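Take a look at this single chain, the form predicted alone, given in C-alpha cells.
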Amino acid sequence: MQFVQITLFILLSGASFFLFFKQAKVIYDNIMLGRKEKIHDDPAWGLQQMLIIAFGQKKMFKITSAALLHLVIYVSFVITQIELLEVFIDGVFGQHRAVYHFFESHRWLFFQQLYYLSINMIEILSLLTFAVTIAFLWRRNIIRLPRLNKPEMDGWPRKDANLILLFELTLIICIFSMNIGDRALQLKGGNLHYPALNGGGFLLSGSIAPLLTSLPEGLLIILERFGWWGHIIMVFVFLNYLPKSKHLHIMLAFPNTYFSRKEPKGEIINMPQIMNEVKSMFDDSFVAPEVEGEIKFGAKDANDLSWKNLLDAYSCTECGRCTEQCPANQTGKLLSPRKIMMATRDRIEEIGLGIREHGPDFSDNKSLLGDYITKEEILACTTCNACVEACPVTISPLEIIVELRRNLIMEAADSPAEWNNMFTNLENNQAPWQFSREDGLNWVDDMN
C-alpha cells in the first residue's frame, strides 16, 4: 500500500509540475513577443524595489483595510509553505511527519518544540485566512464593492476571483482535517498506520480532536488521509490554475517590481525615431543609428508594445485600484486602466495562440487598438499618473495608453480637431497657443 501511495504521489507531482512549466513557457513566449527594451542595469536597485514593494507589500497599504486583509492571506501563504515542504517529503518517502520524527530520533528537543510552534502558527494563520476569505467573498458578492464590480469584471473575471477564494477555503478545510484526524488517532492510541507525534501540540485541532476519539480508527485514518491528499491535490490544482488566472501575480509581482523603471513614475519616454530626427536637425554631424525592420510609431497591436508592458499585463491582479483613482473613470468616461491591462493580456494570448498554431506570419486582421481598446478610451486619459501611483506592483497602464495614442496620431492621423490645432501651434509657434513667440509676453504690457 505504501509503494502504491509513493508511486501515485510521484506521478501526480511530476504531471503537475510538467503541465505548470509547459504553461509558464507559453506565458514567457507571449511576453517575449513584445519589442525589445532595456529597463535598467542596476540589480541592487531592482532587488530593493522587489523586496520593498513585492515582498514587503509597501504600496498595498495605501488602502489600509484591504491591505490588512491581504496581509493575513499573504503571510499565511508564505508560512504554510513550511508544512507543504513536509508534505512533499512525506509523499516521496512514504512517511508521516518525517521532519518531526527526524528531530525526535536525534533527540533535538529545541527543534521539536520549534516544529510544534510552526504547526500552531500555521493553524492560527489558517483560521484567520478562513475568516478573511469569507470577508473577501462578502465584499465581492454581498456588499459589491464598486471597484470590484466594474463592467470589465463581468463574466470570467468575477468567476475567477470567486473560484480562487473557494480554492483557499477548501485548502484550509483539508489542513484542519489532516491535523484533527492525526491528533484524534494519537489520543485514541492503538496500532496506528504510522508513528504518531509525541506530546500533541495542535493548538486548534487539538481542541476538536477529543470529540472524535469515539469514532472507529479506520474512519479517523480516512479523515486524516482525506486532509493530506486533499491538501496536496489542491496545491497541484492551484499551481496549474495560476497561469489561467489573475492570481499569476503571486509569481510575476516579483520580476515585475524588479524591472521597475528608474525614471519618475509617469514620465513619458521619448520615441528614439523622433528624438534622432530632432538631433539630426540641430546637429549636422549626428548620424542616426540604423533601425532594423519597419519603423513604427507607437503601438497598434499588443506585440508592438514592449515586453515590459506585456509583463505588466500578466502581473495585473485586477484589484481595480487604478480604475478607482482614475479621474476620467470617476467622471463617467469609458476609460478604465484595469480594462486596458486586461485587454492587453487577452490580445497577446490570442496572438501567441495564433502563432503557435499557424506560424509566425499569423494574422487574424484584428488589433489591440480598435478591436479591444477603443479610441474613446485612450483619448479620455489625462496622463495624470494616478493609475500608476495606485498600483501595488508598479504596473503602468499609462505607458500602453500613450503608445496607442502615438499610433493613432502619428500612423493613422486620427486625432481630434482640437488636438490638431494644438499640434499646428506647437509646430509653428513652439507653444499650444495661436500667437507667435514674439507676442508671448504681451500680457505683461497689458498688466502695466
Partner chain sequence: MSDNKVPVMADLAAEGRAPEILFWVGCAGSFDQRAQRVTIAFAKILNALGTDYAVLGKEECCTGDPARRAGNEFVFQMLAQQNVATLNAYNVKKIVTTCPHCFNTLKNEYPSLGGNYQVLHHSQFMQELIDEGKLVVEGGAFKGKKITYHDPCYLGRANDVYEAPRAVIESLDSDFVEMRNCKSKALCCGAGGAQMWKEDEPGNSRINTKRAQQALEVNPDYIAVACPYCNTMLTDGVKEAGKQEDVKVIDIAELIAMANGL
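Note that the coordinates shown come from a computational prediction; the quantities given were computed from them, not determined experimentally. Numbering follows the first chain given and starts at 1.
The protein also exists as the form predicted together with the partner chain; that form is not presented, and the subsequent description refers to it.
Interface membership of residue 57, defined by any non-hydrogen atom within 4.5 Å of the partner chain in the model of the complex, is ruled out.
Although the partner is absent here, residue 69 sits far enough away that none of its heavy atoms falls within 4.5 Å of the partner chain in the model of the complex.
Using a 4.5 angstroms threshold between heavy atoms, residue 270 counts as touching the partner chain in the model of the complex. The shortest heavy atom separation between residue 279 and the partner chain in the model of the complex is within 4.5 Å.
Stretch 279 to 287 is the contacting one of 359 to 367, 76 to 84, 279 to 287, 224 to 232, since its residues have non-hydrogen atoms within 4.5 Å of the partner chain in the model of the complex.
Shown here without its partner, the chain carries 151, 246 and 259, none of which come within 4.5 Å of the partner chain in the model of the complex through any heavy atom. Residue 384 is the only one of 412, 384, 32, 52 with a heavy atom lying within 4.5 Å of the partner chain in the model of the complex. Scanning 145, 328, 212, 165 against the partner chain in the model of the complex with a 4.5 Å heavy atom cut-off leaves one residue, 328.
Using a 4.5 Å cut-off on any heavy atom, the residues of 389 to 428 that reach the partner chain in the model of the complex are, in sequence order, 389, 405, 406, 409, 410, 416, 418, 419, 422, 423, 426, 427.
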